[in-house]
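Taking the form predicted on its own, here's one chain by itself in structure tokens.
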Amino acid sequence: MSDEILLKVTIDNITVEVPAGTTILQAARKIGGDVTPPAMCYYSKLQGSGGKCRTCLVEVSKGSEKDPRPMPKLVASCRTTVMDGMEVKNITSPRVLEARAGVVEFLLLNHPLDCPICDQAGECHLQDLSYEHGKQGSRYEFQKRTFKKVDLGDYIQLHMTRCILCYRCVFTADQLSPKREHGVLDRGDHAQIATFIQKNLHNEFIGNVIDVCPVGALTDKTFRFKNRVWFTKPVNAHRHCDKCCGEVQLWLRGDEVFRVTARKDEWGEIKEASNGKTGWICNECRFEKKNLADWIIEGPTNVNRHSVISQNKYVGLVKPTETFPKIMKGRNPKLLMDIHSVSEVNKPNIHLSQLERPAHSTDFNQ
């Protein structure tokens, strides 16, 4: 029997029991749904992350059973631990909704509205955040700050204009690589992610900064401008790799592998691998293994219907049966609507339904 002490916390009138030391955000994720505050900088797999974007602000209406006084200001749920008897308001608090809309507006001050050409479109956390928690317009009327695109090695491109300074890539490089070569330079509105004297990022696991980036600031150069994510089909696959877990997500169009990423959970964070460790993947698996024969396909990824990537890819979808063949005793409707002999559109010797290719202009009467 476990001697672990459980604390009761109520979030938006839903009570849950969590171990001591759990943050409000982690407790809300245990409940799930709209009760969970959004997070742009917090990443449970990265030590020290959180407390920078302020999108996860919540209202603590009751501190604890021993001290029921409310906290006077909104607090960052990713950095505030729960107390026994604590009561928290997220979507039920007008203060939180108004503050979150202001944070979204602030994050979008310098962010370019280039979603139609951004590779992150369709899986961008900032897109979801602005749609669900932002307002229709912006009051910002001044010129936005801009930066030149920088190649961080052979595989990664940095588009600093899109960056929201969440620090996730810095923590990833610091905790996965033996020597971090990039970080935040300058201060205030001049702050930027950069490398020391334009150095390239050379490390076997540096490609993971692409997966943790919540916006399109760090992109995969091998996938850049090649396709839209909602036109590709995500499937789970694995291979034997002596550097990483080898468990990945392939993004296919037909039999062509357009890109390789780590597997992600419902919060957009990298999943745990079968060995119990975080499923970070190496550069070889991510950038160099682009042939379907390199991988063992496990099956389609179960994508949340909330995502645009899930379009036409529902797992276990039951299609309604066709009633026409039943009514007409198995006869195909094409046989009943065959107007080939009387049509003057296509050539008499061409049967369009029997072509094993798309129809061309040469198949029709001019």
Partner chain sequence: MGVKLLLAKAHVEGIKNYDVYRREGGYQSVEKALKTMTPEAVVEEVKKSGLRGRGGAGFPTGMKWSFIAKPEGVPRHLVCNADESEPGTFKDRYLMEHIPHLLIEGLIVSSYALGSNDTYIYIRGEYAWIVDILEKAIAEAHQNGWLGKNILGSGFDCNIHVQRGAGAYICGEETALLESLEGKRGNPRIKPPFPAVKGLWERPTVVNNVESLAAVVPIINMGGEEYAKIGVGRSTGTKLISACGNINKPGVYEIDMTISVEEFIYSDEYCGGIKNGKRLKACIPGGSSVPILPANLLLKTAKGETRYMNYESLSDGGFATGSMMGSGGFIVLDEDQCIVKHTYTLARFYRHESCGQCSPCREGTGWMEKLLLRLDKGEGKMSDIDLLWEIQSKIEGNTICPLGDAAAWPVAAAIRHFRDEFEWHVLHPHEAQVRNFGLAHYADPLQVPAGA
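Computed from a prediction, not measured in an experiment: that's the story for all the values here. Positions refer to the first chain, counted from 1.
Keep in mind that the form predicted together with its partner chain is missing from the display, and what follows is about it.
- The stretch from 61 to 69, 294 to 302, 45 to 53, 22 to 30 that comes within 4.5 Å of its partner chain in the model of the complex, counting heavy atoms only, is 45 to 53.
- Contact with its partner chain in the model of the complex, defined as a heavy atom within 4.5 Å, holds for exactly one of Arg228, Arg79, His238, His133, namely Arg79.
- In summary, among the residues Met83, Cys115, Leu74, Ile91, the only one with a non-hydrogen atom within 4.5 Å of its partner chain in the model of the complex is Leu74.
- Residue contact check for Ile164: one or more of its heavy atoms lie within 4.5 Å of its partner chain in the model of the complex.
- Its partner chain in the model of the complex comes within 4.5 Å of a heavy atom belonging to Asp189.
- Within 4.5 Å of any heavy atom of its partner chain in the model of the complex lies no heavy atom of Gly122.
- The closest heavy atom approach of Gln175 to its partner chain in the model of the complex falls outside 4.5 Å.
- Contacts of stretch 105 to 120 with its partner chain in the model of the complex, defined by any heavy atom lying within 4.5 Å, are made by Glu105, Phe106, Leu107, Leu109, Asn110, listed in sequence order.
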